[in-house]
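The form predicted on its own is given below as one chain in structure tokens.
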């Protein structure tokens, strides 16, 4: 049944908000740099930004524990990756094809992970992360290693129309797995608007249909995201079964950097969903006393320096050597990622 979001206990405290906000800053600046490099022809393959989605993504990743919980990010979840604990070098090494990266320079820019630490590689097939996370959790239960563990994934509104999403959510509900599914409803599945994607009144109806507890949140409101998504994580961890959170927001960039998003109406951009969650978050951090303007300015400078260092480091590292590459399955290499 739908949960009363107002009844969700306040989970976050000052230090948690500061940690999650800094992850948002890191993701925004890192992705801005990657976009610039892509447009300059220095990055091959796709670049997909989480611009406008950082509050949702970081609230999810920041509520999980690196090395214990399971997180399956989507293409727009750099903020969630950073908040969860991914090293920035993992990102720059992958985009720039370094052989020292977690995927050894062999895979797509966003298909990177560290499964031993609970960070699963992103799956391009929309919705597929839901049954994968459910499967990991079920496996841990069978091994007697599920106590206190939460598995989480973030998908888009379009992903909720796939069979994998429904099968995975149903299995998680039947098994009462400690799973959180965050749906970032950014109003478009690539260029297809909501009214051409689904006929139900609210995506939360899909949670109700499977007996999953659901909540909704304004995805542009940082503190609301911390409270609602954090509450869902807490409930899953305490044994309340799978949770689903639907976040209302608008993608502030194209589907990828190859897409100009000209199909998004100006009226929608100018509305409440079109506000930048980064600006909202900065104002809220100051209003609540969680941070001062000076601290935020200092953090921005620190993040800029860290991004420059990560880019420079990855640029100087060797690409894969086809003569030395074993060309074995990625699953084999993934067992060695912690040694990279």
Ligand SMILES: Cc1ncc(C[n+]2csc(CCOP(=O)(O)OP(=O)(O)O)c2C)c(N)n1
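Residue numbers count along the first chain shown, from 1. Because the structure is a prediction, the values reported are computed rather than measured.
Keep in mind that the form predicted in complex with the ligand is not shown, yet the notes after this line are about it.
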item: Contact test in the model of the complex: residue 238 vs the ligand, heavy atoms, 4.5 Å; value: no
item: Any non-hydrogen atom of residue 113 within 4.5 angstroms of the ligand in the model of the complex; value: no
item: The ligand contact at residue 104 in the model of the complex, heavy atom, 4.5 Å; value: no
item: The ligand contact in the model of the complex: residue 99, any heavy atom under 4.5 Å; value: no
item: Option from 218 to 226, 105 to 113, 143 to 151, 188 to 196 whose residues, in the model of the complex, bring a heavy atom within 4.5 Å of the ligand; value: 188 to 196
item: Partner-contacting position among 252, 126, 89, 121 - heavy atom within 4.5 Å of the ligand in the model of the complex; value: 126
item: Residue (of 230, 158, 131, 85) lying close to the ligand in the model of the complex, criterion heavy atoms within 4.5 Å; value: 158
item: Sequence-ordered list of residues in 74 to 93 near the ligand in the model of the complex, where near means a heavy atom within 4.5 Å; value: 76
